[in-house]
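Shown below, as C-alpha coordinates, is a lone chain in the form predicted on its own; questions about how it binds or moves come after it.
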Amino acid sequence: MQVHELILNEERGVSLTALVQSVGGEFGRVVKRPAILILPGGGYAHCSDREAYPVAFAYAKAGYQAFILRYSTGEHKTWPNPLNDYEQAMELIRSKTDEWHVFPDKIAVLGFSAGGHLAGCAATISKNRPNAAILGYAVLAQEVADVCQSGMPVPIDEVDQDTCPCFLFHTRDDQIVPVRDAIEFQRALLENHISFESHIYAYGEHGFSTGEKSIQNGEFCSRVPNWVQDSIAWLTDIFGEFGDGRLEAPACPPRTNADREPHLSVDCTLAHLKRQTGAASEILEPLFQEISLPEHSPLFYNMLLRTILRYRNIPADKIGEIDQALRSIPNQM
(Lines give C-alpha, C1' and ligand atoms only; values in the text may rest on other atoms or scores of the structure.)
Protein backbone atom coordinates (compact mmCIF):
# COMPACT_ATOMS: atom_id res chain seq x y z
CA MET A 1 0.00 0.00 0.00
CA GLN A 2 1.17 3.49 -0.88
CA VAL A 3 0.22 6.46 1.31
CA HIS A 4 0.08 9.89 -0.33
CA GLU A 5 -0.34 13.10 1.68
CA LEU A 6 -1.65 15.85 -0.58
CA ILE A 7 -2.16 19.45 0.49
CA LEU A 8 -5.31 20.87 -1.09
CA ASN A 9 -5.27 24.25 0.62
CA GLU A 10 -2.28 25.17 2.74
CA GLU A 11 -3.82 28.33 4.16
CA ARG A 12 -6.87 26.49 5.50
CA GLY A 13 -4.99 23.32 6.45
CA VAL A 14 -6.95 21.14 4.02
CA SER A 15 -5.36 17.81 3.09
CA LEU A 16 -6.22 14.56 1.39
CA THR A 17 -4.62 11.31 2.54
CA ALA A 18 -4.73 8.57 -0.10
CA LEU A 19 -4.28 4.93 0.92
CA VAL A 20 -3.73 3.27 -2.45
CA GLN A 21 -3.46 -0.51 -2.72
CA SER A 22 -1.79 -2.40 -5.53
CA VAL A 23 -3.69 -4.26 -8.23
CA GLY A 24 -2.75 -7.20 -10.41
CA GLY A 25 0.21 -9.38 -9.47
CA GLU A 26 -0.61 -11.28 -6.30
CA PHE A 27 -4.03 -9.58 -6.27
CA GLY A 28 -4.87 -11.64 -9.34
CA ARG A 29 -7.64 -10.29 -11.52
CA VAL A 30 -8.24 -7.10 -9.53
CA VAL A 31 -7.28 -4.29 -11.94
CA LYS A 32 -9.28 -1.49 -10.28
CA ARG A 33 -10.98 -0.99 -6.94
CA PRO A 34 -13.98 0.90 -5.61
CA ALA A 35 -13.09 3.81 -3.36
CA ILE A 36 -14.32 5.56 -0.25
CA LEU A 37 -13.76 9.18 0.75
CA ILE A 38 -13.91 9.58 4.54
CA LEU A 39 -15.02 12.83 6.19
CA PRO A 40 -14.28 12.73 9.94
CA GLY A 41 -16.53 14.52 12.41
CA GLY A 42 -15.62 17.15 14.96
CA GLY A 43 -18.39 19.75 14.94
CA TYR A 44 -16.58 21.72 12.21
CA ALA A 45 -14.11 22.66 14.97
CA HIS A 46 -11.58 19.98 13.98
CA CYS A 47 -11.38 16.63 12.14
CA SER A 48 -11.44 13.65 14.49
CA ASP A 49 -8.51 11.22 14.37
CA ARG A 50 -10.79 8.45 15.71
CA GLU A 51 -12.88 8.71 12.56
CA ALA A 52 -9.97 8.78 10.13
CA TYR A 53 -7.31 6.05 9.88
CA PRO A 54 -9.18 3.38 11.93
CA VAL A 55 -12.11 3.70 9.53
CA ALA A 56 -9.93 3.81 6.42
CA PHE A 57 -8.15 0.58 7.40
CA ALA A 58 -11.48 -1.27 7.71
CA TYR A 59 -12.43 -0.41 4.14
CA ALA A 60 -8.92 -1.01 2.83
CA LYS A 61 -9.15 -4.52 4.26
CA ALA A 62 -12.35 -4.99 2.24
CA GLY A 63 -10.48 -4.03 -0.95
CA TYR A 64 -11.27 -0.33 -1.22
CA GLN A 65 -8.94 2.51 -2.05
CA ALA A 66 -9.45 4.75 0.97
CA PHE A 67 -9.12 8.52 1.18
CA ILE A 68 -9.32 10.80 4.21
CA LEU A 69 -10.25 14.45 3.71
CA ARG A 70 -9.32 16.90 6.44
CA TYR A 71 -11.56 19.74 5.35
CA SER A 72 -11.80 23.35 6.53
CA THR A 73 -12.61 23.65 10.23
CA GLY A 74 -12.19 26.10 13.10
CA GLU A 75 -11.58 29.64 11.91
CA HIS A 76 -11.77 28.44 8.29
CA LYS A 77 -15.09 26.56 8.58
CA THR A 78 -17.16 29.33 6.95
CA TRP A 79 -19.54 27.76 4.44
CA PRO A 80 -19.04 26.83 1.63
CA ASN A 81 -15.33 26.22 2.37
CA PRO A 82 -15.93 22.61 3.55
CA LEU A 83 -18.09 21.78 0.53
CA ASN A 84 -15.52 23.34 -1.80
CA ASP A 85 -12.87 21.12 -0.15
CA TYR A 86 -15.03 18.07 -0.84
CA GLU A 87 -15.53 19.11 -4.47
CA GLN A 88 -11.77 19.54 -4.93
CA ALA A 89 -11.03 16.17 -3.32
CA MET A 90 -13.60 14.28 -5.40
CA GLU A 91 -12.41 15.97 -8.60
CA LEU A 92 -8.84 14.97 -7.76
CA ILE A 93 -9.75 11.34 -7.07
CA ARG A 94 -11.72 11.06 -10.30
CA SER A 95 -8.88 12.69 -12.24
CA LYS A 96 -6.46 10.05 -10.97
CA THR A 97 -8.60 6.94 -11.36
CA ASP A 98 -6.03 5.31 -13.64
CA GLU A 99 -3.05 6.17 -11.45
CA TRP A 100 -4.85 5.17 -8.25
CA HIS A 101 -6.66 2.16 -9.79
CA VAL A 102 -10.18 3.37 -8.98
CA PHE A 103 -13.50 2.69 -10.69
CA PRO A 104 -14.64 6.28 -11.39
CA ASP A 105 -18.32 5.40 -10.94
CA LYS A 106 -17.83 3.41 -7.71
CA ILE A 107 -16.76 6.07 -5.22
CA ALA A 108 -18.62 6.37 -1.93
CA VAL A 109 -18.44 9.10 0.68
CA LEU A 110 -18.55 8.32 4.42
CA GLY A 111 -19.14 11.07 6.98
CA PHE A 112 -19.47 11.13 10.76
CA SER A 113 -21.43 13.71 12.75
CA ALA A 114 -20.49 17.11 11.25
CA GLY A 115 -18.59 15.18 8.57
CA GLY A 116 -21.91 13.41 8.02
CA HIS A 117 -23.48 16.79 7.37
CA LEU A 118 -20.83 17.43 4.74
CA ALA A 119 -21.39 13.93 3.29
CA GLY A 120 -25.14 14.60 3.24
CA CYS A 121 -24.52 17.81 1.32
CA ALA A 122 -22.21 15.93 -1.05
CA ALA A 123 -24.99 13.41 -1.71
CA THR A 124 -27.64 16.06 -2.36
CA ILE A 125 -26.24 19.37 -3.62
CA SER A 126 -22.63 18.92 -4.76
CA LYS A 127 -21.42 19.23 -8.34
CA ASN A 128 -19.37 16.03 -7.96
CA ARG A 129 -21.90 13.64 -6.48
CA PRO A 130 -20.63 10.44 -4.88
CA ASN A 131 -22.05 7.15 -6.13
CA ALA A 132 -23.14 6.18 -2.61
CA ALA A 133 -23.15 7.82 0.82
CA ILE A 134 -22.69 6.39 4.30
CA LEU A 135 -23.93 8.70 7.06
CA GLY A 136 -22.86 7.97 10.63
CA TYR A 137 -24.75 9.73 13.45
CA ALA A 138 -24.87 12.56 10.94
CA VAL A 139 -26.06 16.14 11.36
CA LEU A 140 -28.85 16.25 8.80
CA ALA A 141 -31.44 18.68 10.19
CA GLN A 142 -31.30 22.40 10.86
CA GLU A 143 -31.24 22.38 14.66
CA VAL A 144 -27.78 20.90 15.17
CA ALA A 145 -26.42 22.26 11.88
CA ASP A 146 -27.10 25.77 13.14
CA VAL A 147 -25.19 24.98 16.33
CA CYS A 148 -22.14 24.07 14.22
CA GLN A 149 -22.56 27.06 11.91
CA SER A 150 -25.65 29.09 11.19
CA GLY A 151 -26.91 29.22 7.62
CA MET A 152 -25.47 25.97 6.28
CA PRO A 153 -27.59 23.82 3.92
CA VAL A 154 -29.92 21.29 5.55
CA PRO A 155 -29.45 17.89 3.84
CA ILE A 156 -32.95 16.66 4.75
CA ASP A 157 -34.42 19.56 2.77
CA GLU A 158 -32.15 18.93 -0.23
CA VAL A 159 -32.94 15.26 -0.95
CA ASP A 160 -34.25 14.81 -4.48
CA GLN A 161 -34.53 12.10 -7.10
CA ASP A 162 -30.86 12.56 -8.04
CA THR A 163 -29.61 11.79 -4.53
CA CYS A 164 -27.32 8.75 -4.43
CA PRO A 165 -28.14 5.57 -2.45
CA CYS A 166 -27.52 6.01 1.27
CA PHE A 167 -26.59 3.89 4.30
CA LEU A 168 -27.38 5.37 7.70
CA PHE A 169 -26.38 4.31 11.21
CA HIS A 170 -27.23 5.98 14.50
CA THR A 171 -28.16 5.19 18.11
CA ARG A 172 -31.63 5.80 19.51
CA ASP A 173 -30.43 7.79 22.52
CA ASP A 174 -27.69 9.90 20.91
CA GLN A 175 -27.53 13.01 23.11
CA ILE A 176 -25.59 15.17 20.65
CA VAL A 177 -27.27 14.57 17.29
CA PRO A 178 -30.89 13.39 17.71
CA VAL A 179 -31.82 10.14 16.01
CA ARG A 180 -34.66 12.15 14.50
CA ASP A 181 -32.13 13.46 11.94
CA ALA A 182 -31.61 9.94 10.56
CA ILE A 183 -35.33 9.10 10.65
CA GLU A 184 -36.37 12.25 8.80
CA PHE A 185 -33.62 11.79 6.23
CA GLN A 186 -34.87 8.25 5.61
CA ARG A 187 -38.36 9.63 5.11
CA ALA A 188 -37.03 12.05 2.49
CA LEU A 189 -35.19 9.22 0.72
CA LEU A 190 -38.33 7.10 0.75
CA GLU A 191 -40.44 9.91 -0.70
CA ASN A 192 -37.92 10.33 -3.52
CA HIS A 193 -37.61 6.59 -4.21
CA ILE A 194 -33.91 6.41 -3.32
CA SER A 195 -32.47 3.07 -2.20
CA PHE A 196 -31.23 3.08 1.38
CA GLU A 197 -30.39 0.90 4.36
CA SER A 198 -30.61 2.04 7.97
CA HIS A 199 -29.41 0.73 11.34
CA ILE A 200 -30.64 2.44 14.50
CA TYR A 201 -29.09 0.74 17.51
CA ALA A 202 -30.77 0.54 20.91
CA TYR A 203 -28.32 2.75 22.78
CA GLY A 204 -24.90 4.31 22.51
CA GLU A 205 -22.97 7.50 23.05
CA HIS A 206 -22.30 9.85 20.16
CA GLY A 207 -19.02 9.51 18.29
CA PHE A 208 -18.34 5.76 18.58
CA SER A 209 -16.45 5.52 15.25
CA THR A 210 -16.00 1.80 14.46
CA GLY A 211 -17.20 0.85 17.94
CA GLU A 212 -14.00 -0.80 19.11
CA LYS A 213 -12.97 -0.23 22.73
CA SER A 214 -9.48 0.79 21.64
CA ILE A 215 -11.04 3.77 19.88
CA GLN A 216 -13.95 4.86 22.05
CA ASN A 217 -14.47 3.57 25.57
CA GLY A 218 -18.06 4.77 25.80
CA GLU A 219 -21.24 2.91 26.53
CA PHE A 220 -22.97 1.42 23.52
CA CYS A 221 -24.75 -1.80 22.67
CA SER A 222 -22.75 -4.78 21.47
CA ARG A 223 -24.18 -4.59 17.95
CA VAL A 224 -22.90 -1.07 17.20
CA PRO A 225 -19.61 -2.31 15.62
CA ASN A 226 -21.66 -4.31 13.11
CA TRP A 227 -22.26 -1.17 11.05
CA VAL A 228 -18.80 -1.48 9.50
CA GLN A 229 -19.31 -4.89 7.92
CA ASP A 230 -22.95 -4.13 7.18
CA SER A 231 -21.97 -0.99 5.28
CA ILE A 232 -19.32 -2.88 3.31
CA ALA A 233 -21.87 -5.57 2.43
CA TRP A 234 -24.35 -2.85 1.41
CA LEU A 235 -21.76 -1.21 -0.83
CA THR A 236 -21.23 -4.60 -2.46
CA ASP A 237 -24.97 -4.73 -3.16
CA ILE A 238 -24.85 -1.21 -4.64
CA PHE A 239 -21.51 -1.41 -6.52
CA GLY A 240 -21.16 -5.15 -7.20
CA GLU A 241 -18.74 -7.81 -5.99
CA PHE A 242 -15.16 -8.12 -7.25
CA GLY A 243 -15.11 -10.07 -10.50
CA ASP A 244 -12.71 -10.77 -13.36
CA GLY A 245 -11.15 -7.34 -13.89
CA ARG A 246 -14.41 -5.58 -13.07
CA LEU A 247 -17.19 -5.43 -10.52
CA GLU A 248 -20.11 -7.80 -11.01
CA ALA A 249 -23.62 -6.49 -11.63
CA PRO A 250 -25.08 -4.79 -8.52
CA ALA A 251 -27.70 -6.69 -6.56
CA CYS A 252 -29.51 -3.53 -5.46
CA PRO A 253 -30.58 -0.73 -7.84
CA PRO A 254 -29.91 2.90 -6.85
CA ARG A 255 -33.63 3.71 -6.90
CA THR A 256 -36.60 1.75 -5.64
CA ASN A 257 -38.21 1.84 -9.08
CA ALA A 258 -37.33 2.59 -12.69
CA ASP A 259 -39.89 5.36 -13.21
CA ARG A 260 -37.17 7.87 -14.12
CA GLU A 261 -35.02 5.64 -16.31
CA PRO A 262 -34.75 6.54 -20.03
CA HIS A 263 -36.76 3.48 -21.09
CA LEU A 264 -39.62 1.56 -19.55
CA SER A 265 -39.25 -1.82 -17.87
CA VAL A 266 -41.09 -4.19 -15.56
CA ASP A 267 -39.31 -2.40 -12.70
CA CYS A 268 -41.53 0.66 -13.20
CA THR A 269 -44.50 1.09 -10.89
CA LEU A 270 -47.98 0.26 -12.10
CA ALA A 271 -49.00 3.89 -11.48
CA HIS A 272 -46.28 5.11 -13.83
CA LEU A 273 -47.00 2.53 -16.51
CA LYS A 274 -50.72 3.37 -16.42
CA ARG A 275 -49.82 6.90 -17.53
CA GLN A 276 -47.93 5.70 -20.62
CA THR A 277 -49.52 5.94 -24.05
CA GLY A 278 -48.82 4.62 -27.54
CA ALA A 279 -46.67 1.49 -27.88
CA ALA A 280 -46.55 0.97 -24.11
CA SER A 281 -50.32 0.80 -23.75
CA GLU A 282 -50.51 -1.63 -26.68
CA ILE A 283 -48.30 -4.02 -24.69
CA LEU A 284 -49.73 -3.36 -21.25
CA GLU A 285 -53.50 -3.19 -21.72
CA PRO A 286 -53.86 -6.81 -22.95
CA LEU A 287 -51.52 -7.89 -20.15
CA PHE A 288 -53.59 -6.13 -17.48
CA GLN A 289 -56.71 -7.84 -18.79
CA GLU A 290 -54.95 -11.21 -18.82
CA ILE A 291 -53.91 -11.00 -15.17
CA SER A 292 -57.25 -9.46 -14.07
CA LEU A 293 -55.62 -6.52 -12.37
CA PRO A 294 -57.94 -4.44 -10.16
CA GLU A 295 -58.24 -0.97 -11.68
CA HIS A 296 -57.96 1.17 -8.56
CA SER A 297 -56.38 -1.01 -5.90
CA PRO A 298 -53.86 1.03 -3.84
CA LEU A 299 -52.16 -2.24 -2.94
CA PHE A 300 -51.15 -2.76 -6.57
CA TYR A 301 -50.90 0.81 -7.76
CA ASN A 302 -47.50 1.58 -6.22
CA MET A 303 -46.01 -1.88 -6.80
CA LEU A 304 -43.45 -2.69 -9.48
CA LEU A 305 -44.94 -4.48 -12.45
CA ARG A 306 -42.35 -7.23 -11.91
CA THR A 307 -43.70 -7.85 -8.40
CA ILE A 308 -47.30 -7.95 -9.59
CA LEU A 309 -46.48 -10.43 -12.36
CA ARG A 310 -44.70 -12.69 -9.88
CA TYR A 311 -47.71 -12.55 -7.54
CA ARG A 312 -49.86 -13.56 -10.50
CA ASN A 313 -47.52 -16.54 -11.13
CA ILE A 314 -46.44 -15.34 -14.57
CA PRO A 315 -43.44 -17.49 -15.65
CA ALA A 316 -40.00 -15.89 -15.44
CA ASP A 317 -39.38 -16.24 -19.18
CA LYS A 318 -42.67 -14.48 -19.93
CA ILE A 319 -41.71 -11.64 -17.54
CA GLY A 320 -38.39 -11.41 -19.39
CA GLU A 321 -40.19 -11.08 -22.73
CA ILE A 322 -42.41 -8.29 -21.38
CA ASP A 323 -39.39 -6.53 -19.90
CA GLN A 324 -37.49 -6.73 -23.19
CA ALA A 325 -40.45 -5.29 -25.09
CA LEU A 326 -40.86 -2.41 -22.63
CA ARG A 327 -37.15 -1.56 -22.69
CA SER A 328 -37.46 -0.62 -26.36
CA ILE A 329 -39.99 2.11 -25.48
CA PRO A 330 -38.84 5.60 -24.34
CA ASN A 331 -40.16 6.64 -20.94
CA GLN A 332 -42.80 9.39 -20.98
CA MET A 333 -41.91 11.17 -17.72
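Start at 1 and count along the sequence shown; that's the residue number. Given the structure is predicted, the values throughout are model-derived calculations rather than measurements.
Note that the form predicted together with a further copy of the same chain isn't included here; everything after this is about it.
Residue-level contacts in the model of the complex: of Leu92, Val179, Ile125, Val154, one residue has a heavy atom within 4.5 Å of a further copy of the same chain, and it is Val179. Scanning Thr73, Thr163, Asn131, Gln186 against a further copy of the same chain in the model of the complex with a 4.5 Å heavy atom cut-off leaves one residue, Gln186. The partner is not drawn, yet in the model of the complex one stretch among 132-140, 75-83, 169-177, 107-115 has residues with heavy atoms inside 4.5 Å of a further copy of the same chain: 169-177. In the model of the complex, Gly43 stays away from a further copy of the same chain, with no heavy atom inside 4.5 Å. The closest heavy atom approach of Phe288 to a further copy of the same chain in the model of the complex falls outside 4.5 Å. In the model of the complex, at least one heavy atom of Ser48 sits within 4.5 Å of a further copy of the same chain. In the model of the complex, a further copy of the same chain sits within 4.5 Å of a heavy atom belonging to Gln21. Of all the residues from 190-207, those having a non-hydrogen atom no more than 4.5 Å from a further copy of the same chain in the model of the complex are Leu190, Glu191, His193, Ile194, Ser195, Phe196, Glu197, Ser198, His199, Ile200, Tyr201, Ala202, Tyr203, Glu205.
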